[in-house]
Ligand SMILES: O=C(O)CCC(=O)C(=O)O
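Just the one chain here, the form predicted alone, laid out as structure tokens.
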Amino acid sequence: MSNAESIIFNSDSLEFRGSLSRTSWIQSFSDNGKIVFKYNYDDYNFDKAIIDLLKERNFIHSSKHLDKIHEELSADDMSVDVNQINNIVKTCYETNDHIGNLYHKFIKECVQPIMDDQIYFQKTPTFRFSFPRSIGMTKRDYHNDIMLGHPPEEINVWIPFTNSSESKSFVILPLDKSLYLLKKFDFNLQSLHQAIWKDDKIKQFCDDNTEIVTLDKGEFLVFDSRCLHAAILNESDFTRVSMDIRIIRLNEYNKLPFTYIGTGRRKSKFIPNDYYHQNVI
């Protein structure tokens, strides 16, 4: 997530610019930079694990279905800050052993097998909770993780735990359109970010060309980290819950020209035992 005042990573390094214009692993399978995979949802049962965590932390008490937890939550806990983050997302920055075990099982059994290499993976996944008509949501948050300091070689993985469609999802700009904007701004991420927030024509280009991600439980999306994407206002009567993960193939990690450091509050280093888990899978 980003906002108009976010610190945006940029580099004049030839290696960095080359990584933004390269042909990625995903492009060998999909020109639009995204692929949908299926898995057996019942083997993981993230639903109950997340509900149990929120009960342990006294956010909810009787909810049985993730898409209805907003009925128990306070307005303050569902409102988002300038980075489009709410209190429920924040509490899941640290999970528990049960969710950690499910997460590692999912990475090992569902994500790594689709790669042709070992991978480093995000040490703690990011859980997202999009509540009906959340106060503070913007319709202008087009970004990619590279703007926030992530390596361009990363791969994004997005897993919904509730049905995602229409306003209960997010939008993504296909890779060809994302690369068009990157090239238009000469691969200067700061300039592109400012244009998204200040230039209505650029914002309209994104609005006109993005696609709503529509997945069922038991499906997950893998997409190129250069693809611009944005959360959208949830105008349904259901909560959308999802998990996003960043991974990087070992071969590409070993070729990174320098250590990438996040631009956010935590200044995470994208190295093993910091942002990434210490071991490859």
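The structure displayed is predicted, hence computed values, not measured ones. Numbering starts at 1 and runs along the sequence shown.
From this point on, the text means the form predicted together with the named molecule, which you will not see here.
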{"query": "Distance check, residue 54 to the named molecule in the predicted bound form, heavy atom within 4.5 Å", "finding": "no"}
{"query": "Non-hydrogen atom contact residue 67 with the named molecule in the predicted bound form at 4.5 angstroms", "finding": "no"}
{"query": "Interface membership of residue 246, the named molecule in the predicted bound form, 4.5 Å heavy atom rule", "finding": "yes"}
{"query": "is_contact(residue 77, the named molecule) in the predicted bound form, heavy atom dist at most 4.5 Å", "finding": "no"}
{"query": "Among the candidates 162, 156, 86, 178, the residue which, in the predicted bound form, approaches the named molecule to within 4.5 Å (heavy atoms)", "finding": "156"}
{"query": "One residue of 121, 131, 103, 170 in contact with the named molecule, assessed in the predicted bound form (non-hydrogen atom, 4.5 angstroms)", "finding": "170"}
{"query": "Segment that reaches the named molecule in the predicted bound form - one of 209 to 217, 223 to 231, 58 to 66, 30 to 38, heavy atoms within 4.5 Å", "finding": "223 to 231"}
{"query": "Any residue of 126 to 147 that, in the predicted bound form, places a heavy atom within 4.5 Å of the named molecule", "finding": "128, 143, 145"}
